[in-house]
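In the structure tokens that follow, a single protein chain appears in two forms: structure 1, then structure 2.
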Structure 1
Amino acid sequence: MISHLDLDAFFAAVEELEDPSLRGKPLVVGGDPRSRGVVATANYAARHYGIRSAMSSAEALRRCPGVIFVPPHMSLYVEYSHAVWQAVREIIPVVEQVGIDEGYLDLASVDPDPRQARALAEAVQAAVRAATSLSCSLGVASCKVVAKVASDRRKPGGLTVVPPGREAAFLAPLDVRTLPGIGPRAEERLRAAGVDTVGALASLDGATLGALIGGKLGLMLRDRARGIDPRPLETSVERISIGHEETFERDVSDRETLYAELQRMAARVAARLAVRGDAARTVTTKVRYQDFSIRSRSVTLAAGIDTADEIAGHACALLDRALSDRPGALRLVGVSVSSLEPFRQLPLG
């Protein structure tokens, strides 16, 4: 059995622990409502007003004029996260961490008997609370997708166990959007075709599926909808790309300003490459226009590079290409590197 663990309103919960005067008041961790900020996490008091993650901070303020805004303190959350996962691993050593606030636990590695799964999950929940005072929700099932959906059923602080054999029946009545992999676009198309529940998705034929979502992806999501998910736990994943991007407070069209921004971001990317001792063969520049559309241009080099100047040089040339293909003021620029490889010094002699 697998368990999916999800920390409840993680960023907001940490802020409440650090400053008890915030507790119970509507709280948003995220960007400034007076500029282009969005909500990263809202605590449950704020959610009561309809405030949700990814909502613009300005909209959040409109829904609850008394809401308190706190900017994100990522390094603090990383510390708490370390403490959480350390506590988890003391009970379940085999885990796959997915991002800062969730992950999968291989309960079977401790006890293969499915009847012991609930007790193990309860022990994990208690250990997290004891170590950090944080609350988390857990889902327990035979595969990842069902465990993940289950962890979301009884938030906050919940534990939902789906016995083996009950996967499809558990998923069937749920809203189709609750299935991971169904985003806004797929949801819209499915609803237009009258598919509103996971169960309805599970019973679609291949042709309909192909027309609505696309062949390969459609078949995979239908399997998931049936509670079939062969993905194993990935206990170590290496990073594929490193990037930085920033939205300007006001749209920018001045080329020199954009170059300067790219240079700054290239320096940050280079610093992160250096920490890992890696070089990169691909540089990508991304721009976002006033109408929110995104364009990217990339080059792949014969040999890896790792200095800020080299990355910035390519990034600026790519920016020129993007802007000559489609001129216009930009609300965002970003630079990222991929095709990472270990940087090797030339062998001596």
Structure 2
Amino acid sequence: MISHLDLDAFFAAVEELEDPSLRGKPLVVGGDPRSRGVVATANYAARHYGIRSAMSSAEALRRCPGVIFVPPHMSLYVEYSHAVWQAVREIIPVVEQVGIDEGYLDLASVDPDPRQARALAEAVQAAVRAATSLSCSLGVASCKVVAKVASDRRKPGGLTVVPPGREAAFLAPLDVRTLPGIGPRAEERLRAAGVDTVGALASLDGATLGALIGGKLGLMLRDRARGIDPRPLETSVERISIGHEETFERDVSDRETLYAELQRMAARVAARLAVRGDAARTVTTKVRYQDFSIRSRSVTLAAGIDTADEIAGHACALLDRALSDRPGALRLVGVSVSSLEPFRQLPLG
């Protein structure tokens, strides 16, 4: 049994712990709405107004004029993240951490009896709350994809257990967009064909999948829709790169909006570097155009960098290079870092 753990509105929850006067008020962690800022995280009071991650801060302010904006404090979030995962590993030693605020836990490494899964997950939730006062939501299932979907069912602070053999039945009634791997373009094609639920996707034949999504990807998504996901936890594989990317609902050509997106992603990348204690010597910006063609531009530095500002500065310069070579509106932008090395603090004096 595998559990997916997701910290609830993590950045915003940390800000509320540090400043209790913010509790219960609509709160956005992100950029200034007057300078094309982007929402990194919204608390649940703000989500009530339809505010969500990756939305422009200006749109968030329009939806909720009283919303409070707080700039990200990444070093603070890293401290809380360290405390969370230390508490988790004291109960479940086999963990794949996939971000500063989420990861997979191998519950069977502690007790292979599926009947003990709920008790183990509840123990993890209690340990995280005791160590940090943060809440987390967990999903438990026989594979990663079902566990991840389940963790989002009862937020915040929820726990959903999908018993072995019930994976397909659990997924079937859910909206097709719920399934990890279904992006906006795939969703559009599936809905046009009348495929609105995960169950409907699970029932498609190979030829239809190939026509709608593509053969290899389609078969993989159909397996996941059936609750089949053989991926193991990656507990010892060294990641050679760290990155984030965003597919836009509408093509974007405004340069300042693209810069803001890259700055938001750079902050997430820097947080993950900090968790690892690494710096990176290579920065890459990836873009996808309206015709789905992809271009990437990279720079390799003499010394490693690890701050959001440094990563964002190089990422934006690389975006300029890509758009200089080929102008046009973009469907996607992303930033990643590689050539990782342990961060070494230079001695003073």
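Predicted model only: the values in this text are computed from it and were never measured. Start at 1 and count along the sequence of structure 1; that gives the residue numbers used here. Superpose the two forms; the largest set of C-alphas matching within 1.5 Å is the rigid core.
S.K.: Is the form predicted alone structure 1 or structure 2?
M.R.: Form predicted alone: structure 2.
S.K.: After a core superposition, would you say residue 135 shifts its C-alpha by at least 2 Å between structures 1 and 2?
M.R.: It does not reach a 2 Å shift.
S.K.: Aligning on the core only, does the CA of residue 248 end up 2 angstroms or more away between structures 1 and 2?
M.R.: Comparing the forms between structures 1 and 2, which are aligned on their rigid core, residue 248 does shift its C-alpha by 2 Å or more.
S.K.: Superpose on the rigid core, then tell me if the C-alpha of residue 298 is displaced by 2 angstroms or more between structures 1 and 2.
M.R.: Yes, the C-alpha position differs by at least 2 Å between structures 1 and 2.
S.K.: What's the distance in angstrom the Cα of residue 325 travels between structures 1 and 2, core superposed?
M.R.: Shift of residue 325 at C-alpha, rigid core superposed: 3.6 Å.
S.K.: Enter the rigid core superposed C-alpha shift of residue 283 between structures 1 and 2, rounded to one decimal in Å.
M.R.: Displacement of the C-alpha, rigid core superposed: 7.2 Å.
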